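Quick setup: one chain, the form predicted alone, written in structure tokens, and binding and motion questions come after.
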């Protein structure tokens, strides 16, 4: 062993697997970073003097006498105002041809916020997407995923949320993006003139899959700086958490750990929870809200990844293709925001709760009417009107390409109510009907 500028250097590896290297070393800490034969690695196990490192790019080509340089610290991110508008890789290195960022180094992956410093999420965070803002309103400090099929345009939706959401900073954590997806985000943000409030950490399919494991921690370390130190409202967008979990699986398998449900590692719940639990509303006004994408395999919501995610998060936003309008909508039946009652009708217009409930009830009546039709039963006049309403409701409010504010959403719903139903049929409180009913 030799020491150079506080770095410990070793040249004798005792064991090499597909993903790890083991050697005798002292004075090394968990999560400490190292460089093995020019490849980045991280300490994942310490047993006496035996230290095992996970090599992010894989161990192929590494000889037993390779130089192992311990860097003396876990992964860090330099935080400061200069982060805004920049694109970084999984190690916090700029990938946008811009200069290195100067600032305070902070370790990534730290513990979630002390409960004493938290307050109940209570502030509306509009996204401009009616299927979210009208039926599944999100509040600052909430954690909620999109559940989507792999062929759905979830990256476009996340970019849209980034541009529309009322937040001081948007932080994107992209895991396993194609190069085209990466360029799509970059060009979309640049063309919209929004780069000054967006920070992106990107792992593409060209990068080592295991590097994805660093992306959420990098994104959330930046988020904690802006939310805690700067008292800003921060929205973190993570896509795709299924690819993050797949990277966990790769590491687990290569370390010969016994898999759990659906071949996932037994630590899956805690690995996901340590990310989502970083969502917080601070007393001083700063907040971290997390919206993530979890892609589904064959629409299977019982798979270990969405199943564990559902226990951790405060609801979910379920995307599906609506065959009646041939567009992707936010499904009102399978979507849920458990915190929406904290803001609807309080920070939004007084009629919001009743409009939301009435619209979904009528949409459900339309689903029943379609079932009757499919089974050969005659439809009543009311059935036919609910089906017509459902088509317009999907087209004008549930489709993900609808971009209107919440007041316009409510007015649109009232217009549809008055177009297809009588005041008695909608069943809304008389005082609200008198105030907001649209006469044709």
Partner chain sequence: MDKNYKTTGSVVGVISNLVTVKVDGPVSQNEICYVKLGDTDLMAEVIKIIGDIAYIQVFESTRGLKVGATVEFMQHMLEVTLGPGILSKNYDGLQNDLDKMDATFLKIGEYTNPLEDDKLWEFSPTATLGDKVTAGDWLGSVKENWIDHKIMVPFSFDKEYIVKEVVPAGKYTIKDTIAKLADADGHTINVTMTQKWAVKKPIKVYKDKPMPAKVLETGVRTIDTLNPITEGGTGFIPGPFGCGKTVLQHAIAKQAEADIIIITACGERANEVVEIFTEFPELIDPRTGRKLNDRTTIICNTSNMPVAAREASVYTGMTIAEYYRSMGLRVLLLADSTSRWAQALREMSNRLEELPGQDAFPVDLSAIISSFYARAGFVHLNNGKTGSVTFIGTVSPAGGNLKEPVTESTKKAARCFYALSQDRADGKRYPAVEPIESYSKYLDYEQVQNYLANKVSPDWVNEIMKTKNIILRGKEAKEQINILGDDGVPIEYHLRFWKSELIDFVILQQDAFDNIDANTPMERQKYMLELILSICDAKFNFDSFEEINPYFKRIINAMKQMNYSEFNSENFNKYLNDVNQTLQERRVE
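Numbering follows the first chain given and starts at 1. Whichever C-alpha set is largest while still superposing within 1.5 Å between the two forms counts as the rigid core. Note that the coordinates shown come from a computational prediction; the quantities given were computed from them, not determined experimentally.
Unshown form predicted together with its partner chain; subsequent notes refer to it.
Site test, 98, 152 and 389 vs its partner chain in the model of the complex, non-hydrogen atom cutoff 4.5 Å: No, the candidate spot makes no contact with its partner chain.
In the model of the complex, the one of 92, 131, 126, 121 near its partner chain [non-hydrogen atom within 4.5 angstroms]: If I apply the 4.5 Å criterion carefully, the residue I get is 121.
In the model of the complex, the one of 86, 320, 186, 228 near its partner chain [non-hydrogen atom within 4.5 angstroms]: When its partner chain is considered in the model of the complex, the option within 4.5 Å is 228.
One stretch from 196-204, 271-279, 175-183, 158-166 that, in the model of the complex, holds residues within 4.5 Å of its partner chain by heavy atom: Residues of 271-279 come within 4.5 Å of the partner.
is_contact(residue 429, its partner chain) in the model of the complex, heavy atom dist at most 4.5 Å: Contact check for residue 429: yes, within 4.5 Å of its partner chain in the model of the complex.
4.5 Å heavy atom contact, residue 107 and its partner chain in the model of the complex: Residue 107: contacts its partner chain in the model of the complex.
is_contact(residue 372, its partner chain) in the model of the complex, heavy atom dist at most 4.5 Å: Answer yes; at least one heavy atom of residue 372 falls within 4.5 Å of its partner chain in the model of the complex.
Residue 306, heavy atom within 4.5 angstroms of its partner chain in the model of the complex: Flag for residue 306 set to yes.
Contacts with its partner chain in the model of the complex, stretch 23-45 (heavy atom within 4.5 Å): If the 4.5 Å heavy-atom criterion is applied to its partner chain in the model of the complex, 23-45 yields 27, 28, 29, 30, 31, 44, 45.
Post core alignment: residue 15 C-alpha displaced by 2 Å or more between this form and the one not shown: Shift of 2 Å or more: no.
Core superposition between this form and the one not shown, C-alpha change of residue 76 at least 2 Å: Shift of 2 Å or more: no.
Threshold 2 Å Cα movement between this form and the one not shown for residue 379, core superposed: Yes.
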